[in-house]
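As a starting point, one isolated chain is supplied in structure tokens, in the form predicted alone.
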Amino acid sequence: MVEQVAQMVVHGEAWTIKDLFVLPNEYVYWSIQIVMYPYMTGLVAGAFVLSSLYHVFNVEKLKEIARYALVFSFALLPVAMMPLMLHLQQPLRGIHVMMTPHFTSAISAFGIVFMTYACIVGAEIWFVYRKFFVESLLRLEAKSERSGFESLLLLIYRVIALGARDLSHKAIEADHKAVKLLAGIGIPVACFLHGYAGFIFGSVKANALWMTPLMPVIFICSAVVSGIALCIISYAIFMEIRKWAARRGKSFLLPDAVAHGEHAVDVDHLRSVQSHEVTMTAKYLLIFMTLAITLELLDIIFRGYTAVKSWDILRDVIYEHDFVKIFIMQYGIGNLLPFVILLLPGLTVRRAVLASLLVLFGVFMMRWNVVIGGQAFSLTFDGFMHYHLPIIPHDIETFKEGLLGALMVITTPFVIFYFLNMIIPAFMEDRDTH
């Protein structure tokens, strides 16, 4: 126990600077990886909600990006727990949460919800792409001579097809009904997946900044906003790469084309689809942004109006120590500026991507201000702690809890998506599916 406490103190000392009257055992224990944790789970939930707008609510204008968002959400899923694994002193024990469910523990409840959500997303992808799996399986089996890569694909499709080769109209209709049902169930599960993070913070009675019943709702709304923004950015970038690769014959940058022989890609068609899907999705981003901003401002107004005992220290944190981070970086650059950009008439793909980048920055700052700002003031209410992000690592701790560790978490989903797209083509259109 003494060794664990000593490790924890050193763990926090590496990036904590104290100011005024701070207790000796107080440090910023929850660092950048705990900021990344709710940020990444929010991206997962938000991407799934975007895909459900088409599968559940039949928003036909989002049908192409909805399929992409579903696959991209699946690629984000394994990374959701990665920040926790990097932050924990004993990460190998994390699997116990999955293996020993305990319904009275919020941490254990996350494991249950996470596995449930993973099963829902996996099953939904299977039903969406089952026809494609079977058709690819039959096509590869009909080939007399196959390359090593095609043989590997054949093996993969045989496994994931699960022997369900029925392509009759009745079977396809059953697949569509199953997709709609799973997407409908998945929306509250996805919201609960991220609302849990807000629940963890909002239930900490010892911290005045976190203790609010609005915290889970604020986290859910900002999660949807961040997930939609990331889908807009990544979809636009990947479509630009596809157009560039198609014009120059760089097929290695089109993993789905390499896997399934779609070498002839119409650049003009890609440009039309990209413009339509991005601008339409931006309109729904604007709607969810309005809700998220309203809730966040309502929370600040409510705290100021009630003015409980802890309001004096909270006022110093919000309006003095973290004024630039909250009102300039989060609300100004991350909320107001993209809101105005999206409201201006004649929205283009570049403007939508710029606004989405600013939105992602604003949501990240919201997570930063909650996690880091909530630990900034001492329990004495007379002192403050400043967090300095380790830029250049000098040991394993400053690597995991520093800039490089955060960048590793951010880039991992895109690597997973590249290889996942070889098996499950996220850019396949309805004309290819049905």
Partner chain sequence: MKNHVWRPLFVVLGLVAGILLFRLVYVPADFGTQEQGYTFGFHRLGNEQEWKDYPAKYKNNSYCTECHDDKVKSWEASAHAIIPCENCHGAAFGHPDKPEKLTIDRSRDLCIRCHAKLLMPSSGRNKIAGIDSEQHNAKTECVECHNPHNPSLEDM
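Numbering follows the first chain given and starts at 1. Note that the structure is predicted; figures quoted are calculated from it, not measured.
Although it is not shown, the form predicted in complex with its partner chain is what the next lines describe.
Listed range touching its partner chain, judged in the predicted bound form by heavy atoms within 4.5 Å, from 355-363, 226-234, 123-131, 338-346: Of the options given, it is 123-131.
The unique member of L162, A307, L138, I328 whose heavy atoms fall within 4.5 Å of its partner chain in the predicted bound form: When its partner chain is considered in the predicted bound form, the option within 4.5 Å is L162.
Option touching its partner chain, based on a heavy atom within 4.5 Å in the predicted bound form, out of P213, P78, G332, P101: Looking at the other structure, the residue within range turns out to be P101.
All of H96, M115 and C119 within 4.5 Å of its partner chain in the predicted bound form, heavy atom check: Heavy-atom distance to its partner chain in the predicted bound form: all three under 4.5 Å.
I287: touches its partner chain in the predicted bound form, heavy atom cutoff 4.5 angstroms: Looking in the predicted bound form, residue contacts with its partner chain do not include I287, since no heavy atom lies within 4.5 Å.
Its partner chain contact at E240 in the predicted bound form, heavy atom, 4.5 Å: Contact check for E240: no, nothing within 4.5 Å of its partner chain in the predicted bound form.
4.5 Å heavy atom contact, D175 to its partner chain in the predicted bound form: Within the cut-off, so yes.
4.5 angstroms heavy atom contact with its partner chain in the predicted bound form for L297: Close contact is absent here: in the predicted bound form, L297 is far from its partner chain, nothing within 4.5 Å, heavy atoms only.
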